[in-house]
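For reference, the chain that follows is the form predicted alone, supplied as structure tokens.
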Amino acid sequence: MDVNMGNVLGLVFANMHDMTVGDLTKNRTMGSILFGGRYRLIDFPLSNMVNSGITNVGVITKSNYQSLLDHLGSGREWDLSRKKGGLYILPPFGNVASRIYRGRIEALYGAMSFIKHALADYVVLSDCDIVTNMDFKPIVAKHVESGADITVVAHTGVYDSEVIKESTVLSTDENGRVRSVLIQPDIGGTCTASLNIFVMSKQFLTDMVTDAISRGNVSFETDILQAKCGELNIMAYEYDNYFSKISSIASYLKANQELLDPENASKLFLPKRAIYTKVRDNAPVKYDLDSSVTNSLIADGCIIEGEVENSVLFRGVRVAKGAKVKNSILMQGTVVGAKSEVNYLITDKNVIIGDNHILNGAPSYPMFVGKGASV
């Protein structure tokens, strides 16, 4: 079924799930978290929408969004700097009756004026915790064809309990209709978990939010999906392509390291469906004659004099002579001093690790050093 994607509004929630990675969101939104050596998490839902033909996108913010504003700018890098449509930043207090939102419904209520005035019949809602290259066209087409009130993009697979504790789990019948919903259950094994991506008509969305606010409801998952799955036609869209879910510091490390496998990288970065980001001009990486780099992503502007293995280094990182960096993520401007050794370490921006230091974390509990710290 063909659908006009120019008739679809995109909404991206930049602050949802901030608490799951509190160390990384202390100074920024979830959408602003750096990923893969040069990207931010918000680059993925934005690029997916643009590549799917959605050219009217609102980014709903809550707090700590200065770095997000710096990154998004006018939206030019995503081809969203337009006279009609384009990119809109939607801060809290979008209307006089709104407040700092406590859930997705209040967030939508704060953006209701923007939603109502958008020239669209359908709305795609996405968070920033899923890293994937997704085409929304077949999802919207399936939603229209099925006549669903809400379509939830989900994946059926084997999950451990730590991931499911931060997920919404769906139970569906043979036709894909959602029959029951569990919110952050303490279970594991084979589950159908929501990817926090939803499709619905604009009219249904505005009616749903208005009714929920009048009843004092704030949670979309609890008060709509779970409470009304019996009366609403809620359909699950099974998504089988590659994705990573960021639900903890350990999963953030794992998602970055998965990109070191060329097979995973080829599934995420597709030639005809590029992931766009803010372009910065830096000098190429400088490798010392005695340096050694194995199975790593090294961004431009780095200076490598020591050893790097199974790691992701962002722009401007320096690894001094005799230093060893293994299984780590070093963000912009990090310096690892001479003869220091780090393993399973995540640093925020502009961290300085002195000479002759040893910092060791673990795959399930990586060590984290905050922004601007000196060790």
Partner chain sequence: MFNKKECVAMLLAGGQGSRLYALTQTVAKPAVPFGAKYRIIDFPLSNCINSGIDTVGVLTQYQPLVLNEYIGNGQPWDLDRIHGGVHVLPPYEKASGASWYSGTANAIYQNINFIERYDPEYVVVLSGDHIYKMDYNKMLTYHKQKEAAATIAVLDVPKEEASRFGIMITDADDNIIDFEEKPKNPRSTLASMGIYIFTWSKLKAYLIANENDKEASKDFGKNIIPDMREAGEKLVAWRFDGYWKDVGTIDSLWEANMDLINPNIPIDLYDPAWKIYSRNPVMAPQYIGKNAVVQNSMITEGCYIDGSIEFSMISDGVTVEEGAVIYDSILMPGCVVKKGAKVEYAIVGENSVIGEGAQIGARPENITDKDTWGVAVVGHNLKISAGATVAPKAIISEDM
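A quick note: this is a predicted structure, and the numbers were derived from the prediction, not measured. Residue numbers count along the first chain shown, from 1.
Keep in mind that the form predicted together with the partner chain is not shown, yet the notes after this line are about it.
- Although the partner is absent here, residue 279 sits close enough that one of its heavy atoms falls within 4.5 Å of the partner chain in the model of the complex.
- Using a 4.5 angstroms threshold between heavy atoms, residue 294 counts as touching the partner chain in the model of the complex.
- None of the heavy atoms of residue 227 is located within 4.5 Å of the partner chain in the model of the complex.
- Interface residue remark: residue 269 is counted as part of the site for the partner chain in the model of the complex, having a heavy atom within 4.5 Å.
- Not one of 3, 205 and 245 is positioned with any heavy atom within 4.5 Å of the partner chain in the model of the complex.
- Contact with the partner chain in the model of the complex, defined as any heavy atom within 4.5 Å, is confined among 59-67, 341-349, 37-45, 23-31 to 37-45.
- 301 is the sole member of 92, 301, 75, 176 with a non-hydrogen atom within 4.5 Å of the partner chain in the model of the complex.
- Checking 254, 286, 165, 82 for any heavy atom within 4.5 Å of the partner chain in the model of the complex turns up a single hit: 286.
- In sequence order, 260, 262, 269, 274, 275 are the residues of 249-275 having a heavy atom within 4.5 Å of the partner chain in the model of the complex; the partner itself is omitted from this view.
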